[in-house]
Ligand code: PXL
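Here you get one chain, nothing else, as structure tokens; it is the form predicted on its own.
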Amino acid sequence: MEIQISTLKQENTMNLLSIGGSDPSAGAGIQSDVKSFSEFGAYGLTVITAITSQNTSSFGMIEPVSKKILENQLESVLTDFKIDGIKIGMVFNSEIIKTLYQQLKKLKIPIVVDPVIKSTTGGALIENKAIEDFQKYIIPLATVITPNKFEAEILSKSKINSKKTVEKIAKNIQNMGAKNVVITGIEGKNNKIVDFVLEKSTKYQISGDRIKGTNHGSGCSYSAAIIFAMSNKKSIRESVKFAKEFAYNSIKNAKKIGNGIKIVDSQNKDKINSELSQSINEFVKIKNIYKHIPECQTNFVYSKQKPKSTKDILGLSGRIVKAGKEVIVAGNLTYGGSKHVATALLVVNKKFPEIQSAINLKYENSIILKIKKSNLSVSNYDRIDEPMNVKNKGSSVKWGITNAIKNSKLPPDIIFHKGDFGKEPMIIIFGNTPKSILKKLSKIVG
């Protein structure tokens, strides 16, 4: 039975599918993936391949699901949801492997394969006799495959003992059908841990600090982060960097919940980052939003309480950019990442401390008309009136926003200007939170 994947998306939320084993400790497997996806602001869907009994101290039994229920799970999910990306983890036996291949081989979406072979607590997660079928059927599905050093050695039947053998093994796995190979956990110099990346026409290493100790679930966090980033149109290099940082923080925040090893904790302690990340994810999914991205592109910012400078305001180090009829998030969320939109927010926040978020959009007369009909508070300023000494100092944004709100008794929802010679006209939306920005957007865009 071949399943036709749904092409209708009900909401703007990103839908990510985790296919793998159930871990009752929720340290790894599909439970870990759902936690990670939720942290990213994505909706996590699951298809279970096997039930395991394990905890932080030991590994018990494995019960693989039948072909019938596996097919039925896949049909239930793929026919009802538009899936943006898939992560494949534990597959256990040849029947599961072949069933997944038949149902997924025609999909044109990113697939990350995390070739889990052994649990941290000692359980074998794939039958030895199924490894050949894994190589034949699952690896060719992979947009990216993310074996650790041990898993790469098993798949290639070779030992990693130098930089040359890492590359050779990665090439070997790529020749099995994976488009891109990331071998994680290679020991580097100066207490660094290195990931070796082999793309179609390039190779490179991404290193990070080592955290001593054993944990449960870091590989799942890593691969979950990669599929999220790739589904957000990030490059392989950007996705691997994002995943490495996410996994590092997850390991750093690991908790001793049970009696055994620590379980990684992917929960983002920076709620400002978490909410802004989720709101950006929702923003880029708004229908026809590409029409409202200005030539200078868009930034979306969120401030700490009582910001003293733009370094206290979280924004993208790049921009939200227009690419045809889509928008792509370029760069990472960084405090001090935005200059102009953050400066505008800083000025408004000084007078109205409850205003902590802002976004800039393309100036359009039609949008201004909608704004005026929406009961939103609107202010504007004329850049033609800007003093020359202000222009020379590069303080245009601060001067303009200050003038727009100098007589305001209520915080502004919108501030706009119609531009000047060489200066693009612009609309900036302000709100208490990124979510409130999205609510205001819904009134004027679409």
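Throughout, we count residues from 1 along the sequence that is shown. The model shown is predicted, which means the values in this text are computed figures rather than measured ones.
Below, we turn to the form predicted together with this ligand, even though it does not appear here.
Participant: Using a 4.5 Å heavy atom cut-off, which stretch among 34-42, 401-409, 50-58, 382-390 contacts this ligand in the predicted bound form?
Facilitator: Checking each option against the 4.5 Å cut-off leaves 50-58.
Participant: Here the chain is shown alone; which of Ser119, Thr343, Ser231, Thr298 has a heavy atom within 4.5 Å of this ligand in the predicted bound form?
Facilitator: Result of the distance check: Ser119.
Participant: So which of Ile96, Ile138, Met90, Ala225 gets a non-hydrogen atom within 4.5 Å of this ligand in the predicted bound form?
Facilitator: Checked against the cut-off, the match is Met90.
Participant: Check Ile126 for me: does it contact this ligand in the predicted bound form (non-hydrogen atoms, 4.5 angstroms)?
Facilitator: Result no; Ile126 lies far from this ligand in the predicted bound form.
Participant: Any chance Cys220 has a heavy atom within 4.5 Å of this ligand in the predicted bound form?
Facilitator: Yes, contact at 4.5 Å.
Participant: Please determine whether Asn15 contacts this ligand in the predicted bound form, using a 4.5 Å cut-off between heavy atoms.
Facilitator: Looking in the predicted bound form, residue contacts with this ligand do not include Asn15, since no heavy atom lies within 4.5 Å.
Participant: For the stretch 16-38, I need every residue with any heavy atom inside 4.5 Å of this ligand in the predicted bound form, listed N to C.
Facilitator: Result: Gly21, Ser22, Asp23, Ala28, Gly29.
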